[in-house]
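Shown here is one chain on its own, the form predicted alone, set out as structure tokens.
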């Protein structure tokens, strides 16, 4: 059964960025927060809470997939997409098409950074702010 990331425990987040660092290290072999597919940021102020931006695993209409002129994005079982980097032309159309702003662009590799719902971020979150949820396969 497919799984997707859920960030429904963000009220417990202390902004340690362990999720972002683990994503960046494991998936992009880099120690930069900029290369993480999940983004954590403060809502502002000294007492502001932390919020997350992560792929919501669209199922019916996947705007990023539909905007891709090179067909580098394929449907992922359970929602979201899988990027085929060999086919991607780096046009950034998927970045602007994402309805939640969860896709960023790596200027170094000239490829989008897209969550593949691997769950590594959930494993490194010390406060269980993130979790994996089983969903129906839709392919």
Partner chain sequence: MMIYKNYISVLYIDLSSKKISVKHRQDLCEYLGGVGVASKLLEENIKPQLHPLDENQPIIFAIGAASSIFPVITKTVAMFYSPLTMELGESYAGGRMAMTLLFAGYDAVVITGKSKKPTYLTIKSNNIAFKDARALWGLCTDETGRIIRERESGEGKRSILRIGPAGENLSSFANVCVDTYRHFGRLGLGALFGSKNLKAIVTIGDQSIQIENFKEYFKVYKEIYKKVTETKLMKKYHDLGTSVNVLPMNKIGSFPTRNLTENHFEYAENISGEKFAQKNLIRKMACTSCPVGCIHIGQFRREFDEGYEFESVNVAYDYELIFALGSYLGINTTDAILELIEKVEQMGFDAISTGVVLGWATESYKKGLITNDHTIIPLKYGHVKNYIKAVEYMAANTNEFYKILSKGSYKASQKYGGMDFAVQFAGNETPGYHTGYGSIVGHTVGARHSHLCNAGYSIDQSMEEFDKEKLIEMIFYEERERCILNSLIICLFARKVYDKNTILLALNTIGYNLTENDLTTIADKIYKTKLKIKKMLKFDLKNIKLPKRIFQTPSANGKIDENLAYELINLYNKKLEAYLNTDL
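Positions refer to the first chain, counted from 1. As the structure is a computational prediction, the values presented were derived from the model and not from experiment.
Beyond the structure shown, there is the form predicted in complex with its partner chain, which is absent from this document and is the topic of what follows.
S.K.: Please pick out the stretch from 35 to 43, 53 to 61, 83 to 91, 67 to 75 that is in contact with its partner chain in the predicted complex, where contact means heavy atoms within 4.5 Å.
M.R.: Of the options, only 35 to 43 has residues within 4.5 Å of the partner.
S.K.: Residue-level contact is defined here as any heavy atom of the residue lying within 4.5 Å of its partner chain in the predicted complex; does residue 30 satisfy this criterion?
M.R.: Heavy-atom contact with its partner chain at 4.5 Å: present for residue 30.
S.K.: Verify the contact flag for residue 131: yes if a non-hydrogen atom of it lies within 4.5 Å of a non-hydrogen atom of its partner chain in the predicted complex, no if not.
M.R.: Heavy-atom contact with its partner chain at 4.5 Å: absent for residue 131.
S.K.: Give a yes or no for residue 49: in the predicted complex, does one of its heavy atoms lie within 4.5 Å of a heavy atom belonging to its partner chain?
M.R.: Residue 49: yes, in contact with its partner chain in the predicted complex.
S.K.: Is there any non-hydrogen atom of residue 123 lying within 4.5 Å of its partner chain in the predicted complex?
M.R.: Yes, contact at 4.5 Å.
S.K.: Suppose contact means any heavy atom within 4.5 Å; which members of 3 to 35 contact its partner chain in the predicted complex?
M.R.: Contacting residues: 13, 14, 15, 16, 17, 18, 21, 25, 26, 29, 30, 31, 32, 33, 34, 35.
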